[in-house]
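In structure tokens, one chain follows: the form predicted on its own.
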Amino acid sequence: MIAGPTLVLGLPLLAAVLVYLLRRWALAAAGLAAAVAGGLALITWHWPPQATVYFLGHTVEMGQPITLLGQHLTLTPAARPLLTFTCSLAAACFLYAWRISQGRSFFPLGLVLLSLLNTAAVTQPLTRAPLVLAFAAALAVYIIQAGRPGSTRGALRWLIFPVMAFPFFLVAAWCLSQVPLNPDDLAPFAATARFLAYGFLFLLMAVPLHGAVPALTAEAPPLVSAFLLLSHNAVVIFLLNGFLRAYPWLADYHDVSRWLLWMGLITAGWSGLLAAGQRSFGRLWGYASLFDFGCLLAALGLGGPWGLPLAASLFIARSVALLLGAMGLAALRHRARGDSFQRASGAARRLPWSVAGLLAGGVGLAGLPLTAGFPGHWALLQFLGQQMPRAAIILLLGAAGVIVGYLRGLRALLGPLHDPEVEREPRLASGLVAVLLLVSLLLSLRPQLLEDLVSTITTALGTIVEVQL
């Protein structure tokens, strides 16, 4: 009999060994990595944690927990959407990286990283999960650098925040362990709430601790940036929701809703302001991503019966927009040999689909109409416009800053061709961008298509009720 965590976490590690041996053959490596990640996405979505199934002649108990290095790993209903998302995201990134290389180490190390991120989602107790995120950040350094000499700023900044966050969770866990010794003493509860707040400040990487995001998007391969940003955001939000549901007394020490709302508004406003003055698409994309993440945090901070569903809708749209932007930016860097406005001048003539994806992904993060991000951003603005008009103005100004940045970039893309030797984009890359453009347009025109998926996600996140002291 095979336990569910053994299959979900072990299969990518086994595949990573074979993919590493095939790393010089992009088609074989990308195909195998994408097949494994895509297969795991199907497994985690269609096989619920309570299921008993047969896989390659073996019985698999999906809900059977395992113990690894003293940590309990269990596939729960709450983690199911997150596991499906990270696996699907990895499969999409691997497939595109076949045609536009993101570094030879991306396929094998990406699978190992996928296993680590999934481990963080199934680790019990929750206070141990940030340690796994720190290990994942250390491994991510290699795919961020991708064998390139020169600046290591992006890799170092991505590493430092999860590593700095983990000690706060470690101390919080120690404070929790003191509760049974003296149940009438409230000091351990207050200390736990304080240290958890510090830890999440580092993990969320919002303003003013946002330096890792623009540094990452400026230096890392674009698909690597998209994979790390989306998967890290998803796991951290999952853990934040898990802590708040498993330890409801945290709300007695921190007004979490107000904390998230104002953190989101400050992040969105400041990022939009900085986005307007950027001169390269990599950093512009990073600040646009921060603006959208600020909107997502603000939606979480609204609370109530529709705060979490709105945040889930925004995150789905964010995933489409970031992948679109990453694919467009990858082709631009590969063909134009750079992403500065000067270097990319005239690239729209040779890379029409990639430029369309780059622009649609960027303005989609700002919630422009006819993009996937528009319904969620519009709903957030409508609510804030009625309840907090000044907050709505902050988001509008931030969105305007992101759009101004991309309009400046568009002017360069439509200008004189800087390098007449820029080659056309690969057909597969163009096809994937075209598919995502269609998905983005469809989600903008018919946002109700996401209702069932959003309901499934919010219902699953509401199942976290265990309190482990």
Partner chain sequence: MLTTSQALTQFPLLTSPWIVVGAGLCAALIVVLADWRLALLAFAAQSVLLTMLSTRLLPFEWAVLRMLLGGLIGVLWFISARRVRWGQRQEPGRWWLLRRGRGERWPLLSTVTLLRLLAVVLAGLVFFRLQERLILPVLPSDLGLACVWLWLMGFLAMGLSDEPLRAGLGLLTITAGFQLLYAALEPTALAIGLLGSLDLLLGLAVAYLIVARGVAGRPGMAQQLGMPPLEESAAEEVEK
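Residue numbers count along the first chain shown, from 1. Keep in mind it's a predicted model, so treat the numbers as computed, not measured.
Although not depicted, the form predicted in complex with its partner chain is the subject of the following passage.
The stretch in contact with its partner chain in the predicted bound form, judged by heavy atoms within 4.5 Å, is 133-141, chosen from 133-141, 306-314, 248-256, 261-269. When its partner chain is considered in the predicted bound form, only one residue from 159, 356, 320, 276 comes within 4.5 Å through any heavy atom, namely 159. Of the residues 283, 350, 80, 334, just one reaches its partner chain in the predicted bound form with a heavy atom at 4.5 Å or closer; this is 334. Residue contact with its partner chain in the predicted bound form: residue 163 places a heavy atom within 4.5 Å of it. Taking non-hydrogen atoms only, residue 69 approaches its partner chain to within 4.5 angstroms in the predicted bound form. Contact annotation: residue 87 falls outside 4.5 Å of its partner chain in the predicted bound form, judged by heavy atom distances. Contact check for residue 170: a non-hydrogen atom falls within 4.5 Å of its partner chain in the predicted bound form. For a residue to qualify, one of its non-hydrogen atoms must sit within 4.5 Å of its partner chain in the predicted bound form; none of 193, 377 and 389 qualifies.
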